[in-house]
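Next comes just one chain, in C-alpha cells: the form predicted alone.
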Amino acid sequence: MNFELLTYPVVVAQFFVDGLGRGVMYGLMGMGLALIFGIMGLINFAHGAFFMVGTYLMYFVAVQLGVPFPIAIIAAAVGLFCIGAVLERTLISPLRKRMGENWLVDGYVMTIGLLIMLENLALIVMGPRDHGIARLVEGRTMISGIIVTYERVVVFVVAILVVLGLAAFMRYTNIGRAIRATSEHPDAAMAMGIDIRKIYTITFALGSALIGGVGGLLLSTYPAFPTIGSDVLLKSFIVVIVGGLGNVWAAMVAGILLGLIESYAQGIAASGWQNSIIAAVVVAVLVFRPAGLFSKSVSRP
C-alpha cells in the first residue's frame, strides 16, 4: 500500500479547512464595508482604522480590565457602534446636507482623513508596539488527520451567528426593513416617510460595529497596532469587489473564496504566488463582471 498517496486527500482537506478559516475572517471583515456602501453609497476608507480601534478596545477590556473574552468582543462592537454613530452624525451627515448630491467624493476624502487621524492618534496614545493575546481559545483537535484549532471553530460559529443575526435584524425589525427599503429605492423610502438621515446614521454605526467586533474577535491573529488596519482594508476591498459592491451576503461568500484560493496557492505554489493569483482574480472580475459576482444595480438619490 502506498501510504504517500493516502496523505494527499488529507493534505487537500487540510488546505480546505485552513482556507475556510481564513475565508470566514475575510468575509467578516468585508461585511461592514459592504453594508455601508450598499445603503449610503459611501466607500469607507476608515474601515481598517475602525478595525484597529476594535482591537485596542478588546485588548483594554479583556487584558487590562480582565473581562471575559466574549464580553470584551461585545464591548468592542458596542464601542465602535457609538463611535460610528457620532462620526456619521457630526461629520458625514453635515457634509451630505451641505454638498447635496455631490457629497460622495468629499465623503471619500473625509474617511481618508479619519483613517489618518485615527492611526496617528493610536500611535501617540498607545505607542509603536503590538498589544495582543496568544490565543482566544486554547487547544486543537485532529479529525481523520486534519488539524482543527478550537479558535478557528469559534470564529466560524461567530460568523454564522453574525450572518443569521444580521439577516434576522434586516427581515424582522422595523429598522431593518427601513434599511432594506432605503437600499432598494431611497426616493421611494423617503416618500413613505422613512427618515433617511436616521437610517444612514444607524447603517454607518452598524457597519462600524461589525468591523469593531471582528477586530476584537481576531486580536490573536491581528494584534493591536496603529497600522494593523491597512491589511484589513485591502482584504475588505478585495472581498467587496469580488462579491459585489453593496452586497453584504456576497461578502461572506467572496471572503471564503479568497481564503480558499490563498490556502491552496500557498500549499501548491511558491511563497508569494497567492498574492499574484488573488490580483489576477480581482482583475478578471473587474473585466468580466465589473459590478461583482453577485451584485445588483441600485439607484441613489
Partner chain sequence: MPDVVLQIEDLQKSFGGLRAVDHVSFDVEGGQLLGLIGPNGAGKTTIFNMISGIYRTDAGRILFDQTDITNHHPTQIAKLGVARTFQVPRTFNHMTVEENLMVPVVRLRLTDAEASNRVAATLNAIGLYDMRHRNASELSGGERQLLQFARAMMTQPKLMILDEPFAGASPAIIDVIIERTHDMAKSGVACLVISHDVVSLPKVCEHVIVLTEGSVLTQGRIEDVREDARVIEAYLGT
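Positions refer to the first chain, counted from 1. All values derive from a computational prediction rather than experimental measurement.
One more form of this protein exists, namely the form predicted in complex with its partner chain; it is left out here, but the text below deals with it.
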(message) Please pick out the stretch from 222 to 230, 204 to 212, 67 to 75, 172 to 180 that is in contact with its partner chain in the model of the complex, where contact means heavy atoms within 4.5 Å.
(response) 172 to 180
(message) its partner chain is absent from this chain, but in the model of the complex, do R140, I147 and E151 each have a non-hydrogen atom within 4.5 Å of it?
(response) no
(request) Evaluate M126 for contact with its partner chain in the model of the complex, applying a 4.5 angstroms cut-off between non-hydrogen atoms, and reply yes or no. (result) no
(request) Report yes if any heavy atom of R197 sits within 4.5 Å of a heavy atom of its partner chain in the model of the complex; otherwise report no. (result) yes
(request) Mark G165 yes when one of its heavy atoms lies within 4.5 Å of a heavy atom of its partner chain in the model of the complex, and no otherwise. (result) no
(message) With a cut-off of 4.5 Å between heavy atoms, is A189 one of the residues that contacts its partner chain in the model of the complex?
(response) yes
(message) If the cut-off is 4.5 angstroms on heavy atoms, which of these, H131, R135, H185, R89, is the one near its partner chain in the model of the complex?
(response) H185
